[in-house]
Every structure is written in C-alpha cells, then in structure tokens.
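The chain below stands alone and is given as structure tokens, in the form predicted alone.
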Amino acid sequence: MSGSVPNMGVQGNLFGPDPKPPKHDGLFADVAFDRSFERTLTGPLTYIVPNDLRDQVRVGQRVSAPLGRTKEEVGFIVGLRTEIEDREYRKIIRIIDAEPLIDDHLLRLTEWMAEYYLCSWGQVLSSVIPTCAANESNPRGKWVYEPNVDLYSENQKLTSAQIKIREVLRQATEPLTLKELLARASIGSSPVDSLVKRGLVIKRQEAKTGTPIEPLDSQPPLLTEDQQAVFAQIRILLNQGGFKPILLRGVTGSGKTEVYLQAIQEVLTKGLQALVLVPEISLTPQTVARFQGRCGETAVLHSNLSPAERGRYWRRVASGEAGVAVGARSAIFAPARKLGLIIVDEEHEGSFKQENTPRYHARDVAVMRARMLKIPVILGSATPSLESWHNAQKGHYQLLEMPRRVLNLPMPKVDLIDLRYQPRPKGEPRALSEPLAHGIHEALKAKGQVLLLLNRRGWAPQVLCPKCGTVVHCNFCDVPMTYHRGENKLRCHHCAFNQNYEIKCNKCATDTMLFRGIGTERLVEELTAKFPGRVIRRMDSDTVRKPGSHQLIQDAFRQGLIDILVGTQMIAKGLDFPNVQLVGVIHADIGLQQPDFRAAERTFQLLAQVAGRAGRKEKNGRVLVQTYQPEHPSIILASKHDFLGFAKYELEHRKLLGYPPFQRMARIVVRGLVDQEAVDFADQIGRMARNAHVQESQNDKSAFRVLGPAPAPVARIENHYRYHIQFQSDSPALLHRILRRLGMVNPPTARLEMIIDVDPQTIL
C-alpha cells in the first residue's frame, strides 16, 4: 500500500487513457502507523521524503505525515528506498526524533510480532517504546522554578513581590516547586508568572528520580552439586554461542536465581549485556539490589516506574551503561545493543501474556528474540508450562534440572484436608477447619510464621436473597458483585463498578440478605477472633494499591513483624520467607471451577508454588491444603510435589482433545453494545472461517477445527456483549492464513469490535 492520492486524470484527455504520473526521483520512506489491523491498513504506507529532510531521515525515527484526507498522524519509519513504482505520493511533513528510537534488530522483532499476533506493525512499535524514551524533553516530572542567572541584573525594575521571589530562588540550594516557592516568599502566584514571562525565572519539568536502591554487596556462595552441574552446562552453551533455548526446571528453593547470576556474570565478562524477565510481583527492590550488587549497573523496567524513570533506564540500556536490564513483561523490548543472554524466570506465569493489543507472550517473544540474535535463552521454573515442557521432551529445548533444594533441605510435607467430612459449624461459614486451626496454633507456638492462601479477595464473593434466590450482579457485567465489608460496598472485580451495600433485596424487597463464600477480608476477621494478640495482615490487590505498599508488607513479614500473612496468588510466587513453618491453602479447588482447559495446570502450579514457601531454611515446613476435591489429579500430584506425574497426566488429556501444545490455538472475541448485532457478526465470522477452511483444505489437509460462535464464559463485561470463536489446528501456517482473512473483515458498525488472540492463555 502507499500514501498516494488518486490520479483524477487530465480533463482534456477524453478519448485516451490517463497519462501515467511522472516517476519520482528521490528518497521514499515506508511509514507504519498505530492503526488497527482489522481496519483496512495491513502494512506501511509510502511517502516522499522532502529534499530539506533527506539528510536527517533514518529508519526507526518517528515522523508526522498526512493520513486520510486531511488528518496528520505520527508514524514510524520502517524502511527507506529510492526505487518506487509510478504513482503520486504524499510527503512527510516533519521528523519528530533527532535519532532513531529503535534499531534494526528490534524493528525485525516487532515486524515478526505484527505478523504472528495479527496486528499492525505500528501498533507494536507504539507499544514497545516508552513515552519518555520517545520524548526526552517532556519527562512528565514535577514543575520547578529557578532563577535565570544569565539575565540577572540589580538595575531591573521589579516590584517588591518580584524581588522577594528572585531572592528566595537565589538562596535556594535546588529548584523549588511552586508550592515551596510561594510558601517561602509568602505571596501569591501572579508575580511568579510575570517573572517567567520576562525570562527572569525559568520554569521547567524535573524528572522523577524515585527511591534509590542500594546494591547488596554479596559474594557468590558455594554452589550446590546441582547448581554446579547446571551452570557448567550453561557456561559451555554460552561459550559455544548461537541460539540455545534452555529449560531450567528447579524445585522451589533449589537456587535458580544464583545460577542466573553466575550466567549473567559470565556474559558480562565478554562485554555483553543480559536481559532478565520476572513476573511483576517478583520485581522487588531486594531483587534489583541483588542484581546490582553482583552485576553492576542494572536498569529496572516495569509499569510502576514514572515515565521519566522508565525513559532514563531505557536510554542507559541503549547506551550500554547498564549491563543488565531486569523487568516485567515489556522489558523484553529493552534496547540492549550487545545482548548476550535472555533469562525468563517463572516462565509459566500467565502475567507474561499481554491481554490488549499487541497480545504477545513475553516468553515466546524472548525465544524469538534470542533466535534472531543467535544467543542463549534460559526459561526457568519449578513448574514449567506444558508448552515449554513439551518442547524440552521433543528436544527443541535443552532440559537442565535441579531436583534438590539448597542444603538438601526436604520438600515440605503436604497434608490434604477433605472439607466434605469436616464438621460444619452453625451460623456463619468458617474458613478454617479444625486441623488447619490447630496447625496454625502449633506453628505460632513454635515461634514460626504462617502463610495462608485464599485466591478470593473481599469479604464475600456473593450476596443473595434467601427468599427469591436473587444474586446481586454487576449492572454492567454478568458476574456477581463482591461484598467488601471495610467499605460496606459491593464491587465488581471485572469493571470496578461499585455501589453501597443495601440490606433490602432489589427484586422482592426482603430485608435480609445472605453472604455466600469467603474472601481474604473475612478470613482476616476470623483469624483475628481465633488468635487474639497476633499480628495478622493481608496482601491482595485491595491492600497494595499504593506504590511500595506491597514491599512494606513483604519486608515486615520477612523481619518477623507479622505472624500470619493472608493473601491471594501474589503471595505464592518467587518469595523467600525463611521462618514460614506452615502454609495453609483455604480452598484449593477454586481455580478448578473455571471453564478453561488450563484450569488444572494453573491449580497445580499455584499449589506447588505456594507449598514451596514453607521450610526454606533449617526449620521443617508443613503445608495443609483444604479442598472439596482431594481426588483431583492436580491436587493429589501437587501434594506429592510430582511435576513429572502431573505433566504426563495432563499432556495425555490434552492430546486427546487436541489442545496446546499438540495443536495451536487462537480465539476471536466479538464485543458489542447491542446483543443481536454481536450475535449476527459472530455468526458471520464463524461462517467465513468454515468457508475459508474449505478453500484452504484443497491444498492443505492439516487438521483444523472451529468451535462456536458461542457466548463467552463471562458473557458481558462493561456493558459489552461477548461471543467467542475458538480455532485449533496442528498447522500454524494454516491457522494464520485463515485468521488473516478474517482479520480483514470490518465490523458493520462502530458499536462492534473484533479481537484476535493468538495463543490465548485464558478463554474466559
């Protein structure tokens, strides 16, 4: 495609063909815009580079160019060329960046992402570059004021208020905010504004610096036998060079992080850089400090940074000042020019999958980036994803294992508590069975700490009327509202809608409502009543909203200031608490109730990970798991720490049904404000998919299956009705060919949206 204008012809040429537009000699730029794949644009547009910009233009810069009839849009230059077909082209208006924001390698990587995840190249480019890296002059920090010493003169005519302001600024040791300046000068803001207009006071934005992290000066410990064997293999692969995908399976507490650190140091000695991806929840100041202490200058890239901080770290990585970049999902795009190693810790984590466009999986992008650069990539986990495990079993990944904990500590003993046979107290339901309550008492008596997992927040997951049976639902989503007692509000955990709790039923006016189920808030109340005098805290998304609050709770627990820590899945992963003697799981089968083929895998991983928090030092640990389904394989095998047994069972089950990793999967979700419009469009897409397969099957006999359309498990979110269609095939090429055809279909109305998700991690 090109950014050309239609040739309207020459009016006088009535009987012959229109003359061809003159051939342009010069430089042309291919520009990718942040435009939806589903809306006509499938590739870059071509523009003329004006003569006055030819010496400045480079691939990777942003430019402003006309798009449509009159609109001016910002896009990325993805290619330059001098040979072009005959037609008329529009001109680039201006160049935005003095230097390219992205190099050739990342350009190729983002092009692959656009092709694989079926979105526009411009969408990918816009999402991978931090705003502040693209605009260093606007760091979005606080506004500060300082005197313009170059224009200072005693003879300037100033009012008494202006003189006072100037003297306050001259005496200040650093620039002042407006609030600080007005407080010190004891005046209003008008004199400040007049001084700024005259140029006598400089007003500028100051980049946020955040809290500095002191590196931990730690010497490398003596490696265990397992660590030595694994690191020896990794060192060989690093020295050999080339693309080497490694799956490192190490039980919880086996010391995978130390292996990462040794591998990074090996890379740094060669003058190369390393990139480490961790789940957002694991990205603590202690983690960063550990990398800084061992590996020197470390850049941190994650969503909680201010734009200024993120941009500053981005530039340090690009310049080579930072030898190591550590971050969450989007850190995979760190602009390391001399990358020698990529590490993905807890590679099974679902948070590595982005749920909006571009819907990429950072683990898979990491493998592709390593392949393009011909460097090793390490995927680490105690409970690898079944896709990665299958790749290792097929020989696509090299499998390295650490089956024992550091110091040969035993894995904690896990006991299952069958809730079907536990006494049911009268009145309000109780979260703690008698065996679990006794276990907590014994652990506290021995001066140990307790970790309790309940993957439901709030006080009660449902509120219902005992007379008519009505469950209070969200006004905008087809999900029950959760009661939060501390606020006395009902909240929707999908769209954040909330309302005050009313005792009276809205349907039948009964003045008594019942609470069904237990959340973390209610569990803390029960614990407080049962263990008076003990310090009990909870850690879920309701209690860690403020920046740094998550870290404060972790630090307090690690220092022994908290006796019992209650939390959702965020307490289960990657955290090292040395004094935890008991881990309790309140309802182990919550996740099994979800209509998702990955439910069993996620349940096993969560139980295995949280069980690994117990007994990580010299003291033995114990795990008590409450469940209504103690016979379920994911629960039985997690209690035995038997990943191999679970992988064998689950892979056999997946193979029968044609689920990943045996077939590739994609999903289309149609969302619409009008239910019937969404139904009709989803039906149209389903018919087109089946027709496309009939046509493709003439040349490609690969297995292909279309399921749906059907209402999504959560059929309405934010007042949008949702229908989904599921695609499975053992041929990725066939799957992508059909999806590309469907992706070119425009919804008939702006009230409809079509979402394509390749390799979905959830089908809710």
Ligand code: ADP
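One-based numbering along the sequence shown. Keep in mind that this is a model prediction, so the values were computed, not measured.
One more form of this protein exists, namely the form predicted together with this ligand; it is left out here, but the text below deals with it.
Visitor: Of 255-263, 537-545, 443-451, 269-277, which is the one stretch near this ligand in the predicted bound form, taking non-hydrogen atoms within 4.5 angstroms as near?
Guide: In the other structure, the partner sits against 255-263.
Visitor: Only one of Arg664, Arg457, Arg290, Lys353 has a non-hydrogen atom within 4.5 angstroms of this ligand in the predicted bound form; which is it?
Guide: Among Arg664, Arg457, Arg290, Lys353, a heavy atom within 4.5 Å of this ligand in the predicted bound form occurs only for Arg290.
Visitor: Ok, Ile96, Val674, Leu407, Leu552: which has a heavy atom sitting within 4.5 Å of this ligand in the predicted bound form?
Guide: Filtering the options by heavy-atom distance leaves Leu407.
Visitor: I'd like to check something about Val251: if you look in the predicted bound form, is any of its heavy atoms closer than or equal to 4.5 Å to a heavy atom of this ligand?
Guide: Yes - in the predicted bound form, heavy atoms of Val251 and this ligand come within 4.5 Å of each other.
Visitor: Taking heavy atoms only, is Asp642 within 4.5 angstroms of this ligand in the predicted bound form?
Guide: Judged by the heavy-atom cut-off of 4.5 Å, Asp642 is well away from this ligand in the predicted bound form.
Visitor: Would you check, heavy atoms only and a 4.5 Å threshold, whether Asp683 touches this ligand in the predicted bound form?
Guide: Flag for Asp683 set to no.
Visitor: May I ask you to state whether Leu223 is within 4.5 Å of this ligand in the predicted bound form, using heavy atom distances?
Guide: Answer yes; at least one heavy atom of Leu223 falls within 4.5 Å of this ligand in the predicted bound form.
Visitor: Kindly indicate whether Gln227, Asp576 and Lys617 are, all three, within 4.5 angstroms of this ligand in the predicted bound form, using heavy atoms.
Guide: All three within 4.5 Å in the predicted bound form.
Visitor: Could you list the residues in 452-484 that come within 4.5 Å of this ligand in the predicted bound form, counting only heavy atoms and keeping sequence order?
Guide: None of them.
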